[in-house]
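Heads up, the chain below is alone and in the form predicted on its own; it's given as structure tokens.
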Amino acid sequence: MSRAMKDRLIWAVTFLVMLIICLPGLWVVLSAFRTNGEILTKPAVWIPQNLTLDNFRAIFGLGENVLAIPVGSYFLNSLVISVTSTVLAVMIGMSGGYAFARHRFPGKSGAFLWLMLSRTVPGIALSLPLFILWSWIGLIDTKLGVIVVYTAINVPFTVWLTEGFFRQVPRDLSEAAQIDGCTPWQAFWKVEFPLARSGIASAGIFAFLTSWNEYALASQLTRSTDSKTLPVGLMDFTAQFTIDWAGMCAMAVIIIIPALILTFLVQKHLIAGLTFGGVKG
């Protein structure tokens, strides 16, 4: 088989795999613009016959079919929780990653291994002990309780990612800056931080997306409109005997849009960060 044929075969297989991965998301987006009757039609209708924005109007309290679902409050809760936990996780993780990359101290390998192993525990496995602990200290149904949990979840990954980037920044650059009169703090912000910025941005993006999309823990730790996030708010579309699939899909599109916009805006940093961290030498 020629090289050209191999390339075409690879592209065809890649396209097929990506199509299969994207089909559920495409179905959700299309269903957001159709009625429940058309969604439940058998055989399934892929292309909506009559596109409508009624589902979006309903969840925002507009039009005739108004739903009593506080989407605005859920969006604000998700934004506050995701941004705050991301900032905290990046600050803590960046500090930890720099310490692991630049300094030697007793128990360094064991501490790093412990951090990585803590990330392997599924979040849902922590829901019961977290619920009991948060009940004791009064953090159930609060934004602070969810922020603390998401920060703890994202810190190990952020430490691991930023440690790899700081390790690849030559130590000589920081030492040269300090010889020229910079303090260690100034050398970090003016020399090392800019060089590792892509990796830090990548860590921040992953942390934000993890917090924005997380459902299992948030569903256990939140109860009211004051703390529920958008993924948890999806369950408001379920009743005892019925499910408003159209409204649920419309709200799912609202959840997807900010993540897509963020990824599009910072894709250069994301790609640069991933490729920079993957080269050793």
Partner chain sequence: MAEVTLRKIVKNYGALEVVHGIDLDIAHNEFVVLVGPSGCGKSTTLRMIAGLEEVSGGEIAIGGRVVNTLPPRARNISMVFQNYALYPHMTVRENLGFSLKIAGRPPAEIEKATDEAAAILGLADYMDRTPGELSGGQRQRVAMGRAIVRHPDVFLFDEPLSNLDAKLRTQMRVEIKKLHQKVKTTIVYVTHDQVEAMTLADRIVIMKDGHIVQTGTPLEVFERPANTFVATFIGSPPMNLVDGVVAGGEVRFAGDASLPVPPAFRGRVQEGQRVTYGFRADNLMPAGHAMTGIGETADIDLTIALAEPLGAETILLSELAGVEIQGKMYNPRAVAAGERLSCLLALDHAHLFDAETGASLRT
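Residue numbers count along the first chain shown, from 1. Note that the coordinates shown come from a computational prediction; the quantities given were computed from them, not determined experimentally.
Omitted from view is the form predicted in complex with the partner chain, to which the following refers.
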Check: Looking at 87, 201, 195, 79, which is the one with a non-hydrogen atom within 4.5 Å of the partner chain in the model of the complex?
Finding: 195
Margin query: Residue-level question: is residue 83 within 4.5 Å of the partner chain in the model of the complex, judged on heavy atoms?
Written below: no
Note to self: Check residue 184 for me: does it contact the partner chain in the model of the complex (non-hydrogen atoms, 4.5 angstroms)?
What the structure shows: yes
Next item on the list: May I ask you to check whether residue 142 falls inside a 4.5 Å heavy atom distance of the partner chain in the model of the complex?
Entry: no
Check: Using 4.5 Å between non-hydrogen atoms, is residue 73 touching the partner chain in the model of the complex?
Finding: no
Note to self: Under the 4.5 Å heavy atom criterion, name the residues of 165-194 that approach the partner chain in the model of the complex, in sequence order.
What the structure shows: 172, 173, 175, 176, 177, 178, 179, 180, 181, 182, 183, 184, 186, 190, 191, 194
